[in-house]
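Given as C-alpha cells, the chain that follows is alone and in the form predicted on its own.
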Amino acid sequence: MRDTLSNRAIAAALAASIALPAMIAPALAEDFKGKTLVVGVWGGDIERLLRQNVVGPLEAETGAKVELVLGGTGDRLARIYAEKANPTMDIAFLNIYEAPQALKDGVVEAPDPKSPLYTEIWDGMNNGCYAMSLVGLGIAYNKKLVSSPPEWADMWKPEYKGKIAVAAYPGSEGDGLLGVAARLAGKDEHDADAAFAKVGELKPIALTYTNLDEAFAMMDAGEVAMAPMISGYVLAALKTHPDIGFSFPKSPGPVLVRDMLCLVKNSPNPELAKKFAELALGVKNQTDYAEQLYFGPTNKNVKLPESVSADVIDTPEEVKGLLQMDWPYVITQRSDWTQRWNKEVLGQ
C-alpha cells in the first residue's frame, strides 16, 4: 500500500511539474515588455498605414516597442547581409525580385506552408518571403497629348519622339520596360540585345525621373507624353493631376510587381515578428492598402467595394493577365544592364 501511495505521489508530482510550464507558458509568451522589434520598410503612406494598423495595435497588445527603419530596399538588403551572423533587424520589406535571392543567400526565413500567414495568401504568391501587395507597371500619360489610354507600342509612335520619360535605373520600372520592349521585338528579357535595341529607339529620352512629382510636372508642362510607372503610387497621386491618366496596357499586359514581407533569419524577436506579419498581412491593413494606396491585396479574405476593385489588382485572374518576368535572371544581369542602360539608353 505504501508503495502504491508513493507511486501515486510521484505520479502527481510529475504531472504537476509537466503541467506548470504549460500553465505559465502563455503568460511568458505574451511578456514582450522591454523588447524592441526592428522593421525595415518604405516611408510615406506605407509607413502611415503600418503605424495605424500594425505598430499601434502590436505595441498595445504586447507592451513591446516597434522601431521602423525607413528607406529603400537597398538599405535593408545591405544591413541584413552585413549582419547575417548577428542580425539586429527582425523584418525587412523587399521587392519581388529580391526576396528569392535573399532566401537563397540565407538571410531570411522561408515561408512556412503550414502557417496561416502562408495559407491565407493566394497560391503561388509566397516566393522567397510572404507576398504583401500587388501592383503593375503601366503607363502614365498626358491626356492632352495622348487621346486614349495607350498600349505599350504607342510609346514608339513618331509623334511621341522625345516625349517619353523613364525612371532612374536600376529599378523595377526600367527592368519592366526592358521586358516589355523585348516582347515587342518578339523576344523576352533573356535577349538583352533585342531589349536594349528596342528601348534605344525611344531616344532622346525627355526625362529620367527619380520621383513622381518631377515627372508629373513635366507632363503638366507638355514636355512628357508618357512614362512607365508603377500603378499604386501613380493612382494615388492622380487626384491632384486631372490632366494625367494611367493605363494598364493589354499587349503585353502590365508587368507584375510585388512587395514582399520577409522574416529575417535568426532575428532577435521571431515571435514578435510573426505577430507583426499577421497584422500587416491581415484583412484590415490590406484593405486600407487597396482603398488608400491602390495596392492590390494578397490576402484571400479581403473583399473590396467594386469602385476600389476596379483600380487595383485583386483577383487571381487579373494576376494571370500580368506580364511575369524572370526576376532571378534579371537580378543576375543588373550590373551589366546598368552599364548598358547608361550607354545605350541615356547616351552617357
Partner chain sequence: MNGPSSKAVLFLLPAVALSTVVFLLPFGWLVYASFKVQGQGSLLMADGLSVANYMRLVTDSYFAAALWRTVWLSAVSTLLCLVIGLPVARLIATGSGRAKGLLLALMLVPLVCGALLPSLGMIHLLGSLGVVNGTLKMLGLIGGSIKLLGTTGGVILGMVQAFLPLMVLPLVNTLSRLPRDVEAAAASLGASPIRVWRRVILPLAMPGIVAGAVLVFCAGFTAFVTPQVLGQGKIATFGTVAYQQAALVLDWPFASTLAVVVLVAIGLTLILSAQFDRLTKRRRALA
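Residue numbers count along the first chain shown, from 1. All of these numbers come straight from a predicted model, not from anything done at the bench.
Although it is not shown, the form predicted in complex with its partner chain is what the next lines describe.
Listed residues 253, 170, 200, 87 were compared with its partner chain in the predicted bound form; 170 is the one with a heavy atom within 4.5 Å. In terms of contact with its partner chain in the predicted bound form, the residue from 207, 145, 236, 184 that brings a heavy atom within 4.5 Å is 207. Although the partner is absent here, residue 157 is not a contact residue: none of its heavy atoms lies within 4.5 angstroms of its partner chain in the predicted bound form. Using a 4.5 Å cutoff between non-hydrogen atoms, residue 77 counts as a contact of its partner chain in the predicted bound form. In the predicted bound form, residue 105 approaches its partner chain with a heavy atom inside 4.5 Å. None of the heavy atoms of residue 324 is located within 4.5 Å of its partner chain in the predicted bound form. None of 261-269, 129-137, 110-118, 220-228 except one has non-hydrogen atoms within 4.5 angstroms of its partner chain in the predicted bound form; the exception is 220-228. At a distance of at most 4.5 angstroms from its partner chain in the predicted bound form, none of the three residues 47, 122 and 240 contributes a non-hydrogen atom.
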